[in-house]
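Next up: a single chain in structure tokens, the form predicted on its own.
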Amino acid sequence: MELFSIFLNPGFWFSLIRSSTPLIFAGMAALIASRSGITNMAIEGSMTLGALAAVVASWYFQNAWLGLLAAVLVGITIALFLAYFKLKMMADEILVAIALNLFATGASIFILFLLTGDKSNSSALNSLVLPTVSFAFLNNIPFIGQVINGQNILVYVAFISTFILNYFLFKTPMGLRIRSVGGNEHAAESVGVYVHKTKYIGLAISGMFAGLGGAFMSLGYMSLFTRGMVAGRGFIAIAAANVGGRSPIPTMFSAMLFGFFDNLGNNLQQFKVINEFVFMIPYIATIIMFAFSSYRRMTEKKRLNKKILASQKAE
């Protein structure tokens, strides 16, 4: 019964929304890149360097919003590097992404050490954080008000941007071009779509979302940069985008489900569950959900092939 009491605590759901936010940003980054026809596995590195850039810029300029801008610019830059090597140099996107992730890990520690003399965190830098937002009308709503109110501003941005991206992808000409290029670039090119330009735009948007996720990690989720703070969220987000069928709103709920397991793991520590098992929970959930999603798609493909075969026999 004590375990179930966790779910009756509004603090649990407050933390769930908070811990889901970087996954939502990263999920949108993975989704838009995939829709452009490129797998952006460099999201992890983009978030890492974005988180550090946010802290350094907010400390140097004493302005958290400039820190946010720095993170977004870093995310876009890394994504454009990936696009350049993939589209111009014809390199393998996975190998390029691995190189960028390794570079981000090493560069972040090196820069951190140069600025602070510490390789673990940025506590020596007097960096700022983005503000939290409270809505007066939610104060009178029991439970829900406690869950939604008082979150960091990027939490609300994450949920709003999901619906904006959904509209952008399915209701605008540029969104149609991105989807057409990712679906069949030769067909898109035959009707006058500039394939490379469209992919660059898609990857730039992907980098922007990854940068926002990184900024939230160090300017909202935490108030400093720590080594390894992204902790595989960029890779989990790729799974979330696939589980969500590469559509923004299902991907958002998928990211929240991963956030649920992450938050559940954190809360299980109070019941003296082995720490190693607690840390495994989000990744176990990722493997199970990704396997289920792959099985579902495989089953649907087999069913479709059977229908096609049956229709051919009937003819």
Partner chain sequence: MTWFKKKPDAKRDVIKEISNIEKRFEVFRIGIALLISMVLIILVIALISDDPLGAIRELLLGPLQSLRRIGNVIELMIPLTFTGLAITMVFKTNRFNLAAEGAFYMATMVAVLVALNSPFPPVITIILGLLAGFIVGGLLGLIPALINLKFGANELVVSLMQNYIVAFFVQYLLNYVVRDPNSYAIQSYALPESVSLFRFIPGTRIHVGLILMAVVVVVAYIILYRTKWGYVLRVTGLNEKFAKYSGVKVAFVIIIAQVLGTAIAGLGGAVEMYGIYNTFKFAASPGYGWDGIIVATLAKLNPAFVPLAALFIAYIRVGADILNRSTNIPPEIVSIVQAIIILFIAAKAFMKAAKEKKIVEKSREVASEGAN
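No experiment lies behind these values; they were computed from the predicted model shown. Positions refer to the first chain, counted from 1. Note that the rigid core is defined as the largest set of C-alphas that superpose within 1.5 Å between two forms.
Form predicted in complex with the partner chain: not shown, discussed below.
In the predicted bound form, the partner chain sits within 4.5 Å of a heavy atom of Phe279. Taking the partner from elsewhere, Gly232 is found to have a heavy atom lying within 4.5 Å of the partner chain in the predicted bound form. In the predicted bound form, no heavy atom of Lys197 sits within 4.5 Å of the partner chain. The partner chain is not drawn, but in the predicted bound form it has no heavy atom within 4.5 Å of Pro142. The contact with the partner chain in the predicted bound form, taken as any heavy atom within 4.5 Å, belongs to Ala107 out of Leu138, Ile153, Ile201, Ala107.
Of the listed positions (Val133, Leu224, Val147, Val96), a single one reaches within 4.5 angstroms of the partner chain by any non-hydrogen atom in the predicted bound form, namely Val96. For the three marked residues, Met89, Lys119 and Ile238, a heavy atom of each sits within 4.5 Å of the partner chain in the predicted bound form. Heavy atoms within 4.5 Å of the partner chain in the predicted bound form are found in one stretch of 97 to 105, 122 to 130, 71 to 79, 206 to 214, which is 97 to 105.
Heavy atoms closer than or equal to 4.5 Å to the partner chain in the predicted bound form belong, across 198 to 225, to no residue whatsoever. Positional change of Asn9 between the shown form and the other one stays under 2 Å at the C-alpha, relative to the superposed core.
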